[in-house]
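This document starts with one chain, in the form predicted on its own, laid out as structure tokens.
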Amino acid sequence: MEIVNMDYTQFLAMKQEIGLLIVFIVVFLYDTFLPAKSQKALPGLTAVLMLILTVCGIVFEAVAPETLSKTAFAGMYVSTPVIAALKTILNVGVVIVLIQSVNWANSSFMAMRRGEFYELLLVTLFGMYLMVSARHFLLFVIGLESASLPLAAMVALDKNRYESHEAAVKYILTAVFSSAIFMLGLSFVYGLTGSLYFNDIYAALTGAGVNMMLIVALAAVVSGVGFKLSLVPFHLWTADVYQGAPTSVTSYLSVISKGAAAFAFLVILVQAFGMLYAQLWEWMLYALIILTITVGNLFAIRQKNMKRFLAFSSVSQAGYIMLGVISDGAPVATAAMMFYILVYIFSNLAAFGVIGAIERASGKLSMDDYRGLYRTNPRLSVAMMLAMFSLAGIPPFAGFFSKFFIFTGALSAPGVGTAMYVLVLIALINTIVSLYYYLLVVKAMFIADDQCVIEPFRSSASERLGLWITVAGIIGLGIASWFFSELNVLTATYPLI
């Protein structure tokens, strides 16, 4: 066995993790040692620090992307410009969530738990960093649990509401069971291959015969990650958790964790189970994607609570993201998935920004309460309309191009057969169904002539800033098509395989 010398200098390969750890330490020390009268500056400080970290990531990507290619801890941790770009995309979403949550975090209710919210959020983001950089299942599990368990505490932050308690219990039980299933699959994988390194597993499975234990192993791994992505039939926790959690936590849970889990799933399938996936699970994942998109759409039509509505919308969106996952790591498909995640961040956070502002001003969460909203709050109505148009994929907004690129990327994978064309066709038909229920919200705000339920109000400066950023992203990414081209060049230069 080759002995690999390891020392503390290997931590220097984890540039973005170190930067995030510095942000966490500053936030923790500020929350712990500064007096209560200074605590209201904590949300702004956290947002500024994360913005600096995001800008640094963009600068490194633009100036010297080759410096981001690092391997550490005997190959357990890998950083590439593509992985660094995804972490920067996640950071963009976190910055928007932090800006939108300033007013909520500074409320009297959050006075005693303000610091805990930001510290838990940063810990979960650190876990997601490890998930996408892991090339060994031990490190992946550490990242997975670091990203999952603190989220249960975040969901339960509103301890005076029964719905928050219920959501936290459902989330923690789901996380525990999915982790147990995932670990069961890993135990089978280790028993069959003798390693937890992705590359070693791939090599051991290449040319090996297929047996029942191998099938069960991959089924357990797919099921464990499927819970994190809210893939059907592992999605049943999603609506209840989204409804019960504070809106700022729901917005974070709906986009950031989903993007990290999707990319990590792509890496696992391509680098660890590529051969077995092609032989056994390709058709099963096709079925999983069709079910996820279709069931998410059909259940979204029935929802009146806006948070449950967006929960099933996110289930459907997870199915579209999976079109980039099943492409065997094709550079165009990987770039399309990353672009889709970025557009989804802007679109979904715009919708949650409006929902959060209305909830804090009036306590209203029903779609029926949005009737005539344009007459009382026209700016919020326009922001919500743009978010719905983007999520539905209506041109010329960013969501149209993200869907177009994800369909193109799925069809660009090597060895595409008739089944992939049928899958993309079914996904395309489902966009028509999604257009119907997204337009229900627009109809309620602009066309319904009922008496207005929500009175005119002025949202806070941080909420308005968050909405301006998200709206700019929805419109800007629909115009600046060169951004996808840059991602495509990046993924082609530094492919996953």
Partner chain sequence: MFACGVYGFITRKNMIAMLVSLELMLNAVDINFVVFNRYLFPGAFEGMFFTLFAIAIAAAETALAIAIIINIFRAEKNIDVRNLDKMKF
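Keep in mind that what you see is a predicted model, and the values were worked out from it rather than measured. Positions refer to the first chain, counted from 1.
Keep in mind the form predicted in complex with its partner chain is missing from the figure; the text below concerns it.
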Output flag, Val27, Phe33 and Gly57 jointly within 4.5 Å of its partner chain in the predicted bound form, heavy atom basis
no
4.5 Å heavy atom contact, Phe188 and its partner chain in the predicted bound form:
yes
Is the gap between Phe177 and its partner chain in the predicted bound form 4.5 Å or less for some heavy atom pair?
yes
Under a 4.5 Å heavy atom criterion, is Val78 part of the interface with its partner chain in the predicted bound form?
no
Does the 4.5 Å heavy atom contact test between His165 and its partner chain in the predicted bound form come out positive?
yes
Answer key, its partner chain contact in the predicted bound form at 4.5 Å (heavy atoms) among Met213, Ala419, Ala111, Ala287: the residue is Met213
Scan Leu365, Ala413, Val169, Val382 and let me know which has any heavy atom within 4.5 Å of its partner chain in the predicted bound form.
Val169
Would you mind picking out the stretch of 319-327, 334-342, 151-159, 265-273 that comes within 4.5 angstroms of its partner chain in the predicted bound form, counting non-hydrogen atoms?
151-159
For the stretch 116-145, I need every residue with any heavy atom inside 4.5 Å of its partner chain in the predicted bound form, listed N to C.
His136, Phe137, Leu138, Val141, Ile142, Glu145
